[in-house]
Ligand code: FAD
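A single chain, nothing else alongside it, follows as structure tokens in the form predicted alone.
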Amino acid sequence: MNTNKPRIVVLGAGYAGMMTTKRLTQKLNPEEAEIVLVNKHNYHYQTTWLHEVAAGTINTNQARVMISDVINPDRVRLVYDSVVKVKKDEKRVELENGELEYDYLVVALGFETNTFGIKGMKENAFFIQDVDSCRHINEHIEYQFAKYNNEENAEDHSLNILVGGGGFTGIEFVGELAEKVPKLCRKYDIDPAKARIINVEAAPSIMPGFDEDLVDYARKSLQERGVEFREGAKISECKEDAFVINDEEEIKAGTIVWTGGVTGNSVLGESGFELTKGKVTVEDTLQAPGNENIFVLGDCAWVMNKEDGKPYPPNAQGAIQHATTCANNIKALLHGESLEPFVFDNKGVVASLGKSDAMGTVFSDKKLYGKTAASMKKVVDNRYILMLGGPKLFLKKGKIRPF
């Protein structure tokens, strides 16, 4: 190895980390820099498909991509290990099984679930966090139905699925459950009326911040398929088999899933980055303040919109766009050129409500509903797969199934 080459270390193989690594290999010659990608697992997964894995409407492998299938190990050194801490003063990253020195660092470690200190939530609820946690949710739901079918005095509430949080993930998850639960009822010969899907949201409405027409459409569509909503209902406590709502009412369930919030990876705090609500507020160049050789991307970063003073939404399209700016700026630093600011290109947001229904906006303001929106959601998902791994990956992992 030529030790004179600057080393770029990318932490995390989520949307931002994978695409930054990909962009760096496209923009830099092998002689210009050594690129190292560090990830806990040897696979990348589609975070935006996790709700489908959790409901069991797609299998785990469809949401997972082997890193070495899309990142050439001859071009990028792949290190499969967990990050413990970034030692900024020493330009080192502490891993569970060793250390790495860096000249330039990209922190793209993704999110962790935020329970906002709700009593019992951490201990008693499932989280839509990664492929393993979602596979466990799917297996647990199926087990509840199988157990109900086999037990003589089974309690009806054991079939209930409680979803805490009516934001994007929570609503997409109950949309998938509305597809899956009727199939489980048929499989285990259970009266569908006994299996309830209940979404609990503390805000006055589900999908806070979304357009009212779109929210009304989503609510109506899901209610028609049996989803119950408790809006303006604050969860005071999560018990082993129930939510306590507004300090008094108990809603019992056999499966409890929390989708109510995320925060940046805890490594940020361990490493002494200055945090606001668990994330680093980065410069418009995506650099960490006071650290020109460190870039923070994706769910670990607040990237501010200078026009309204608010952060851009921390979604997948933003993380993918961070990658291009980050790679351009690392190349600029290597060549002593001026850096570019991040500019968010809002292509719209579409929320799936099951296999053949969705709602959202494209090109920031055009509203889509129903099958048209569901088709657009597939286009968005497939576009990322094509960007990441080209036609070969698309044929393996793309959503090409009909409704």
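Note that residue numbering follows the sequence shown and begins at 1. Bear in mind the structure is a predicted one, so any value in this text is a computation, not a measurement.
The protein also exists as the form predicted in complex with the ligand; that form is not presented, and the subsequent description refers to it.
Student: If the criterion is a non-hydrogen atom within 4.5 angstroms, does every one of Tyr15, Thr47 and Val267 touch the ligand in the predicted bound form?
Tutor: Yes, because Tyr15, Thr47 and Val267 each have a heavy atom that approaches the ligand to within 4.5 Å in the predicted bound form.
Student: My question is simply whether Leu333 lines the interface with the ligand in the predicted bound form - judged by any non-hydrogen atom within 4.5 Å.
Tutor: Result no; Leu333 lies far from the ligand in the predicted bound form.
Student: Is there a heavy atom of Asp299 no more than 4.5 Å from a heavy atom of the ligand in the predicted bound form?
Tutor: Residue-level check for Asp299: yes, a contact with the ligand.
Student: Quick one: is Val350 in contact with the ligand in the predicted bound form, heavy atoms, 4.5 Å cut-off?
Tutor: Because a heavy atom of Val350 falls inside 4.5 Å of the ligand in the predicted bound form, the answer is yes.
Student: With the partner left out here, check for me: in the predicted bound form, does some heavy atom of Leu100 sit within 4.5 Å of the ligand?
Tutor: Flag for Leu100 set to no.
Student: Which one, Gln144, Thr324, Asn315, Ser133, lies within 4.5 Å of the ligand in the predicted bound form by heavy atoms?
Tutor: Of the listed residues, the single hit is Asn315.
Student: Check each of Lys366, His41, Lys27, Lys371 and return the one that places a heavy atom within 4.5 angstroms of the ligand in the predicted bound form.
Tutor: In short, His41.
Student: Heavy atoms within 4.5 Å of the ligand in the predicted bound form: which stretch in 249 to 257, 188 to 196, 108 to 116, 219 to 227 meets that?
Tutor: Partner-contacting stretch among the options: 108 to 116.
Student: Which of the residues spanning 71 to 91 lie within 4.5 Å of the ligand in the predicted bound form, based on heavy atoms?
Tutor: Result: Asp81, Ser82, Val83.
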